[in-house]
Ligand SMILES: NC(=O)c1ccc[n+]([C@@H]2O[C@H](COP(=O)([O-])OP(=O)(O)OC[C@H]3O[C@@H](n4cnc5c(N)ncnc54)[C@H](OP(=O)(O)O)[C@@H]3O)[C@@H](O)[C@H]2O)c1
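Shown here is one chain on its own, the form predicted alone, set out as structure tokens.
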Amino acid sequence: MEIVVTGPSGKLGGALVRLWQGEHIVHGLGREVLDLGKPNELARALENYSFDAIVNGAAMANPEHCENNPEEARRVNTESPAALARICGERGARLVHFSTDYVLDGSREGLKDEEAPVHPLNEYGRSKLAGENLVLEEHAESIVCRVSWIFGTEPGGFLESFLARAGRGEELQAVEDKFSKPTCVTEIARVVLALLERGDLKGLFHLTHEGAPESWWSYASKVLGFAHALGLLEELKEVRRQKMADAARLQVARPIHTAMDPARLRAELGGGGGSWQEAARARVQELLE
């Protein structure tokens, strides 16, 4: 398969390029070639590339930055994904577009499947939800994958940065009243290829592991437990609980309960990706080695 991956210098796009190279022909097209801030120029930028699919790993994902720069957020998260879908439709290719759990209505506890209500609270969520809708309007054969709390990337995400802080002996705290699901990037890479190999699958998927919701606090505490058991940390560090309202870095409203249930993946692909805990243990072992 010949695949264009956007955002190869980012965490998700870079990981997908690394994981797929050698197995497929992968074109990692960075901003210098494919600038999602300029949606009207994307078709021309892709003229000299052949591809069976575009996997859109690029986004403006910082909620505070999106809130302060709404027009840029709309170009990157809404207009450019729609343009990529239109290009794929014209060229007989598939698009895989990544979205976020931040589009969901987070007012109620529990897991949310693909039929769950949406109600984004910030410009990041609004721009991503509009992107989802336009992608599927422009090219009905597209696939939209909502993802959350990705780990296993380079540079690392929450898991890797939290372990680094623990290793430096820093005081550790994590938010206890925001709930979602950690997801390993290797599982994302596996599932996206499985979806692309099935020509009959399209539309919206919640791409995460099976399992119960986690808070940032429970996630961090479990990861530290894995690291201590595997010998990466000599001492099992205590993580202080923090309220989301007291976290100074979180200046923009975020939905509380957005843990996703991969219902369609379970029905269509039969699951098989294992738990996030198994993947996190493997990631900790990888960091140890």
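It should be emphasised that the depicted structure is a prediction, and the values quoted were computed from it without experimental measurement. Start at 1 and count along the sequence shown; that's the residue number.
The same protein also has a form predicted together with the named molecule, omitted here; what follows describes it.
Contact check for P8, R31 and V76: all three have a heavy atom within 4.5 Å of the named molecule in the predicted bound form. For the options A130, I150, I87, V191, the one in contact with the named molecule in the predicted bound form, meaning a heavy atom within 4.5 Å, is I150.
This chain is displayed alone, yet in the predicted bound form one of L46, A259, V239, A61 has a heavy atom within 4.5 Å of the named molecule; that residue is A61. With the partner omitted here, the stretch from 34-42, 244-252, 47-55, 229-237 that lies within 4.5 Å of the named molecule by heavy atoms in the predicted bound form is 34-42. Within this chain, S215 is remote from the site of the named molecule in the predicted bound form, having no heavy atom within 4.5 Å. Although the partner is absent here, T100 lies within 4.5 Å of the named molecule in the predicted bound form, judged by heavy atoms.
The shortest heavy atom separation between L265 and the named molecule in the predicted bound form exceeds 4.5 Å. In the predicted bound form, the named molecule sits beyond 4.5 Å of every heavy atom of F205.
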